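Shown next as structure tokens: one chain only, the form predicted alone.
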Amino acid sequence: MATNNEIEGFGRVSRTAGTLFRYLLLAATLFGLVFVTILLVYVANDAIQPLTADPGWHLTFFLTLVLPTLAVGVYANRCGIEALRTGVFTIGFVVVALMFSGGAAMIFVDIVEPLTWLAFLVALAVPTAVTMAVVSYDHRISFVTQFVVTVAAFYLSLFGVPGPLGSLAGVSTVVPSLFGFVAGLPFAPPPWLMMAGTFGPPVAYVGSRYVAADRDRRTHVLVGAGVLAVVLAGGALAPFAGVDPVPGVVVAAVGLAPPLVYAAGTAVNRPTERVGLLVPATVVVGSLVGAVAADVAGFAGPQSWVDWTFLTNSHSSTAAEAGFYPAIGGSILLMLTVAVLAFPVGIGAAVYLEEYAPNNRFTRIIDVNISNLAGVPSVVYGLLGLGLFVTYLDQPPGTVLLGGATLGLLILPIVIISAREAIRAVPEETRAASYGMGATKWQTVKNVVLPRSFSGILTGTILALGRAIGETAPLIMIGAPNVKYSLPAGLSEAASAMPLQVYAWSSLYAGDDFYQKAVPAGVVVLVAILLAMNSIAIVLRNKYQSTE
């Protein structure tokens, strides 16, 4: 009797088709990866030009950096894969932290004065304290009273009396705002001390909590004092390196202290992974030794276009002198505006649709439209911003506020969808347990749903921000200037952006010099920032999954 190889619904049983399908999928994957890699290598080669270095320079760094790092990496892997992962993560953490600290330093050097920053923090801290005091007595105060007191506290602190409402009616200021009072103080501490006073305590507190964990108070104080000393040292020692104290404090607080805290926490709290710290230590020491050895031997390094001059220079009609500084600053301001405008609205909409909205035809129509809006081409959002803000609201084109609002509209559906997915991932059993303990809907959302979905929400918003920072079409449609020669000093000023600057170099200044120098260098910087943002999202996602 013959064997029946036919299965209803699946066809003839055969391993050949499955194997062929598997290798077709592998070929499709490799096709995409190889071509993207070739493109990135081609661009990076033009921007960094590694082959222009002396052979002795390559040999020096191979012996002092590459070879020791590989040896230490193999040793860490033999001790445990988690140790190697910790070492690799620490290297990436240092790179990403230093990159973002440079952007933060740029803000406080050329855009926001330290006294204005201090005034803004004080103007937010005081009404926040009032709000917390009011909320702590919520069982004695009605909701309307709480709402009025909270809104009034923020309004008075930020705008004074009568504030913007009085300006519209032509009434002059009667009581100045707390922000204006602090910003107008005739005497103030040195700017770098103000920066250290605002950055140092929060970083020291988080560092002490991470490193000291459940140890006694004395250990917490010592660790916090050590972290604070690092921040203060950044401002005190910066002049000796030829750097202004203000960016020195910012780089120490944002770029140096977090990796040091992470390394100290690993060394103290995770003994099985501490051997992985040898990997970043080898990279740092090997780089320094290699640089000194190459300098002593007189070996010339690569003639890279991505250097300090390129990152700090303004635009120039000459490719060799072209800089990316105004574009980087414009992108930072645009992203801050997008974050302020889009994320509260998007996350609020997601919470409402998942936790409060009834399941009826109206909400289903909203669901479908949000999904469709997430797939609309970015140029359409540019036309929407042009028509809504420029034509109907008569706003000047190309400003930071207008660009941020347009990009905010672009990523708003993505933020809503990603936040809804994170909220939906919270198990219903946790909500039921909260209700079973007598908690209200608001208490369940605040204490159960949002904390458990926070990492997922943050991951989605970072990825959305990564899309916004690389968009060019909406900025062109709203009339953003193609080339900005200086940083914008406010939200109402015109601004350029990194993708817009690269577009201008490749179109308005089309030529071999710009194609081979400025454009590849700009692309490398833009891709590096995008990869840094995506790496943060990946780390948060992995942490969220491991917690679950």
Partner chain sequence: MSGDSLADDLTRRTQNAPPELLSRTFFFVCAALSIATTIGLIVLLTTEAAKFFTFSAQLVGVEGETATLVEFLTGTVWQPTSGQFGVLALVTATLMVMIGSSVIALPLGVGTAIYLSEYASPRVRSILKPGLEILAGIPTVVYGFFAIIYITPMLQPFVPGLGTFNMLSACIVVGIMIIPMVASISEDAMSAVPEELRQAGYGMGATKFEVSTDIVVPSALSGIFSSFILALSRAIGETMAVTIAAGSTAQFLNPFNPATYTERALPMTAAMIKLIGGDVTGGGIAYRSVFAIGITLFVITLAMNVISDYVAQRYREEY
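Remember, predicted model here, so these are calculated numbers, not experimental data. Superpose the two forms; the largest set of C-alphas matching within 1.5 Å is the rigid core. Positions refer to the first chain, counted from 1.
The next section is about a form of this same protein that is not shown, the form predicted in complex with its partner chain.
The stretch that touches its partner chain in the predicted bound form, counting heavy atoms within 4.5 Å, is 352-360, out of 352-360, 263-271, 172-180, 108-116. Mapping the unseen interface onto this chain, F240 falls outside it, with no heavy atom inside 4.5 Å of its partner chain in the predicted bound form. Mapping the unseen interface onto this chain, G375 counts among the residues with a heavy atom inside 4.5 Å of its partner chain in the predicted bound form. Contact annotation for D46: at least one heavy atom lies within 4.5 Å of its partner chain in the predicted bound form.
At least one heavy atom of G32 is located within 4.5 Å of its partner chain in the predicted bound form. Here is the short version: of V285, A339, I370, V161, the single residue with a heavy atom within 4.5 Å of its partner chain in the predicted bound form is I370. Out of the listed residues A123, I328, A83, L412, L412 is the one that sits within 4.5 Å of its partner chain in the predicted bound form by at least one heavy atom. Contact check for G18, I365 and Y435: all three have a heavy atom within 4.5 Å of its partner chain in the predicted bound form. Relative to the superposed core, S316 undergoes a C-alpha shift smaller than 2 Å between this form and the one not shown. Core-superposed comparison between this form and the one not shown: CA of T198 displaced by less than 2 Å. Comparing the forms between this form and the one not shown, the C-alpha position of L393 differs by less than 2 angstroms, with the core used for superposition.
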